[in-house]
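Before any questions on binding or motion, here is one chain by itself as structure tokens, the form predicted on its own.
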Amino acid sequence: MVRVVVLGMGMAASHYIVGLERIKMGDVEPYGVPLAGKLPIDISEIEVVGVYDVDTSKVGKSVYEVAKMQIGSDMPIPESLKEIKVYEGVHLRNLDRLGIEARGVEDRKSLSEALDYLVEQWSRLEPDVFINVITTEYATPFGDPNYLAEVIRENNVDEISAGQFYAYAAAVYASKYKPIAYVNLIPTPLANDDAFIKLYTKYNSVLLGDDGATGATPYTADTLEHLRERNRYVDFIVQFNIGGNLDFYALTDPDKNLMKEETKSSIVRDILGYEAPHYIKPTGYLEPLGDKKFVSIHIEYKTFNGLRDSIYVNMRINDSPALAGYMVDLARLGKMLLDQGFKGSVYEVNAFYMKKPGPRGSPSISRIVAYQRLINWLESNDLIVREYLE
């Protein structure tokens, strides 16, 4: 059994938990789960034991109630989700200027007390894997785990983000109870921060991240790989997304938008080997688009005999379900890595699922290449269903 705590009860969490339950019930096929049927741990073995949020309209409710509100008009919500509770987490200003009434544990406790509160709660939930899908936030790396501990000890709330606090708290839980896997699907540098890598390695735990790559970025990365392999010189790249969900609304904040831009843009030099002029970032929020974002890509390149070609792509992508399918894999991969004694970050997993794969300094590669490397790596570590290989 894989016991999962989800951090953030937004659209991605709703689709993940509802979709997971519907797969278990046989209502839907596991489309969108890249390693469905390929891992020794079956999807049916994943159990979500708790969810954390700070939106006062969600905290204290059941996952069933929140999912009904968020996606109930699109699909049936399994009644079994009435048993899973949305607990109060921390916000650390993450929802500032978003027009959402937020309440967090740190509003009535110091950071050290909030840490103890969460760790004690987790000791009863007994999670194996934490999956972070809170709203995009602004954060900078700590570098030194001692500085990280000092910020919490001194209650310097302005120097730490919610994602960083959760990751530190999960490491403390690991030090007291059992090793865990932490999956970071937002741009906050965790798997790319030496402070967290050292902590997780020390406590025999796994840290996967950063920033799940689900839509335009993998498509662009694979196109750039195609052009590189054919020795075509890329003159420029334009890629932009517009969406209408909360995360796109949060990205109207320049600092948060910069975090997303940094993880999305890392693919250019890493794949091509040179810094082609590019504009790759989320560019806007339009509420009527809802969770189905609009993506446009334009790439121009030099081909044989000095001529130029162009690629134009337009897409409409269900944003949150795309990430939710990855969460099904990453929960299982996290537990498998723990069981096999891995610790720190695992590049082979990150390279396929993340925009900015950790640990720090690791290159972004096309997802076609990353997928084959992942399958080979799983095979070499006996972490794949043998029948799949046959």
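No experiment lies behind these values; they were computed from the predicted model shown. From 1 onward, residues are counted along the sequence shown.
The discussion below concerns the form predicted in complex with a small molecule, not included here.
**Student:** Heavy atoms within 4.5 Å of the small molecule in the predicted bound form: which stretch among 72-80, 300-308, 207-215, 149-157?
**Tutor:** Checking each option against the 4.5 Å cut-off leaves 207-215.
**Student:** Quick one: from Thr136, Ser266, Asn241, Thr223, grab the residue that has a heavy atom within 4.5 Å of the small molecule in the predicted bound form.
**Tutor:** Looking at the other structure, the residue within range turns out to be Thr136.
**Student:** Looking at the small molecule in the predicted bound form, is some heavy atom of each of Ala12, Tyr52 and Ala162 within 4.5 Å of it?
**Tutor:** Verified in the predicted bound form; spot residues all in contact, yes.
**Student:** Quick one: is Lys335 in contact with the small molecule in the predicted bound form, heavy atoms, 4.5 Å cut-off?
**Tutor:** Lys335: no contact with the small molecule in the predicted bound form.
**Student:** Does Tyr166 reach the small molecule in the predicted bound form if we count a contact as any heavy atom within 4.5 Å?
**Tutor:** Contact with the small molecule, yes.
**Student:** Applying a 4.5 Å heavy atom distance criterion, does Pro187 contact the small molecule in the predicted bound form?
**Tutor:** Result yes; Pro187 sits at the interface with the small molecule in the predicted bound form.
**Student:** So in the predicted bound form, is the small molecule close enough to His91 to count as touching (4.5 Å, heavy atoms)?
**Tutor:** His91 belongs to the contact set for the small molecule.
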